[in-house]
Ligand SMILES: NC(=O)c1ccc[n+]([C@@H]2O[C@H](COP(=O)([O-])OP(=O)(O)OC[C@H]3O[C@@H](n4cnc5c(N)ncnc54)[C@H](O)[C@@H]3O)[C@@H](O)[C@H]2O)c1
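Below you'll find only one chain, the form predicted alone, shown as structure tokens.
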Amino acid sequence: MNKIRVGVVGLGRLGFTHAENITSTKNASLIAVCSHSEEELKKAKEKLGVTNCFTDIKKMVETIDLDAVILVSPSNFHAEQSIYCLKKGLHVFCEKPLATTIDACKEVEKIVAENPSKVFMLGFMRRYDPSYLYAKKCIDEGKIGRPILFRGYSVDPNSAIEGALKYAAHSPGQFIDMAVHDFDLARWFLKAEPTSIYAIGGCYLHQEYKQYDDGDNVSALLKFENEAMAFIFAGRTATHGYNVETEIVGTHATLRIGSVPQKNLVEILDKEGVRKECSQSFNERFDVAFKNEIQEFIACIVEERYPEISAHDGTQASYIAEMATESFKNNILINL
């Protein structure tokens, strides 16, 4: 069969990772890339051998014969670009969040429904991480009894704060940028929708976030329709590295994923004592998950089926994140 011809939009840290993964994915071929950065385009030419390089997505789509696109552009472009590409007859993989407003999320859902022959997949990569998949299997098989509490930590290393601050003016906020992964996981593991949320936080180390009505560390407490609870924490000031930790408490057992954010299974014994190194970026921690989700996207196109994760999942996660942001800014409990 002919390989799926893919174009990648956005070549930052994650965009380049997706482009690189396409080059080693069965039944897929990286045909074109798009970025506003000439430096990123040069890197793609030199390291990935891509000759079709563009600075405008519309020119790329109209010029090159593509089957699918992977959108890794800034969050505020996700909805517009997803809709454009679907209407152009392309399969679409869109990084989280689906959009930065609920109205835009719903518009994407509408266009997805109007194009049933096209695969639309959202980039919640944790669902494709082996550890999270195993935890989901345990829950679905009833091994922990009734899930009653989800706890999620998503913390970036303080060493990456310079890049985060550069993006702050365009960011929809901590809850949508980071905690949206945990909101999605909570819905996935607890199999329910939240009914209330209360969020707090602040600028504990980097006061620059105040001008954007955001915090460098934020948290939220949620109650779900099945009476389950969730606690979410998202931060940008970890000194030890990239830290994603998840716990699901059940009536019979508890599951913990990444409770010690270790880079590998090696222990270092030196003058500092006994220690383990931590991952320093999401690319490193979720390397396998990123590969798995792109493989699933291509497999769905080839096999003419839909992925488990839907545009509606993106809408729901964004809605929860938006309500968390409102609760945080106004210091109020919100009933959903």
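All residue numbers are counted from 1 along the displayed sequence. Since this is a predicted model, take the numbers as computed values, not measurements.
Note that the form predicted in complex with this ligand isn't included here; everything after this is about it.
A heavy atom within 4.5 Å of this ligand in the model of the complex is found for exactly one of 37, 310, 27, 52: 37. Although the partner is absent from this view, residue 177 contacts this ligand in the model of the complex, with a non-hydrogen atom inside 4.5 angstroms. Contact check for residue 91: every heavy atom lies farther than 4.5 Å from this ligand in the model of the complex. Although the partner is absent here, residue 75 is a contact residue: one of its heavy atoms lies within 4.5 angstroms of this ligand in the model of the complex.
The closest non-hydrogen atom of residue 314 lies beyond 4.5 Å of this ligand in the model of the complex. Heavy atoms within 4.5 Å of this ligand in the model of the complex map, among the stretches 43-51, 299-307, 263-271, 65-73, onto 65-73 alone. Shown here without this ligand, the chain has 123, 125 in 112-128 lying with a heavy atom within 4.5 Å of that partner in the model of the complex.
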